[in-house]
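Listed next as structure tokens is one chain, alone, in the form predicted alone.
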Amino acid sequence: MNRSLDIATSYLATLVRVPAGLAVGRLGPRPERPLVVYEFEACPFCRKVREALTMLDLDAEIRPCPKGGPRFRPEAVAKGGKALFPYLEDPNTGRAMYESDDIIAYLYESYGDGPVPLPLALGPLTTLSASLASAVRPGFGHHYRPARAPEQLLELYSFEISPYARLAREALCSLELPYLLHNVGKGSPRREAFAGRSGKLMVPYLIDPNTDTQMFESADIVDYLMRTYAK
């Protein structure tokens, strides 16, 4: 897709779901270990869970499950018994579950300090708008592109509603590259530390310990991932 069209459609996907996945709300206890989420970027139900992760300022190890992916999709099925996404594992409590609404309720019960916010609590209307956001970018972050697996987890600083971060996450998903997602939505108490580490407050920001690479700019990140990992 043309770069300008890429950006325009990603912005449109963002507008469909504003303000979900933009700002951090009231926070509860913090988990000691990152959550583990099996998901794929184009899935509207997965989108809702990623929005909750941003709004709760939670890190998560993302194990991408694009259609045709040989690694994490079969792994998720072996663990949970069915090819249904998202699938959450919480190593802090030993809980594992399907169903986006159940996952969101669990996250707010465990790590929030209040009810599930309205943008995530409208039932079919939430799912419909999340589906429309996915329809704006058909096929992106959905199908597997053959790639070699990294030895170490990549890291991505992001927040769900960012149109530029979305482009980087789509590439990571299509290549089935697992990564540690650091959410730094508006109002995140971790934004200052992120800016101190990276030198500026901008997402997406990719860290690849396999090649000692750190970089901003979605176009550069996508190009780097394709050159480094795509077969």
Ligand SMILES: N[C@@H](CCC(=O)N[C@@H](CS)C(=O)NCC(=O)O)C(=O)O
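A quick note: this is a predicted structure, and the numbers were derived from the prediction, not measured. The first residue of the sequence shown is number 1, and the count goes up from there.
Separately, the form predicted together with this ligand exists; it is not shown, and the next lines address it.
Using a 4.5 angstroms threshold between heavy atoms, K67 counts as touching this ligand in the predicted bound form.
Contact annotation for C43: at least one heavy atom lies within 4.5 Å of this ligand in the predicted bound form. P86 belongs to the set of residues with a heavy atom inside 4.5 Å of this ligand in the predicted bound form. Put simply, E75 is far from this ligand in the predicted bound form: not one heavy atom of it is within 4.5 Å. Judged by heavy atoms within 4.5 Å of this ligand in the predicted bound form, the contact stretch among the candidates 143-151, 97-105, 112-120, 156-164 is 97-105.
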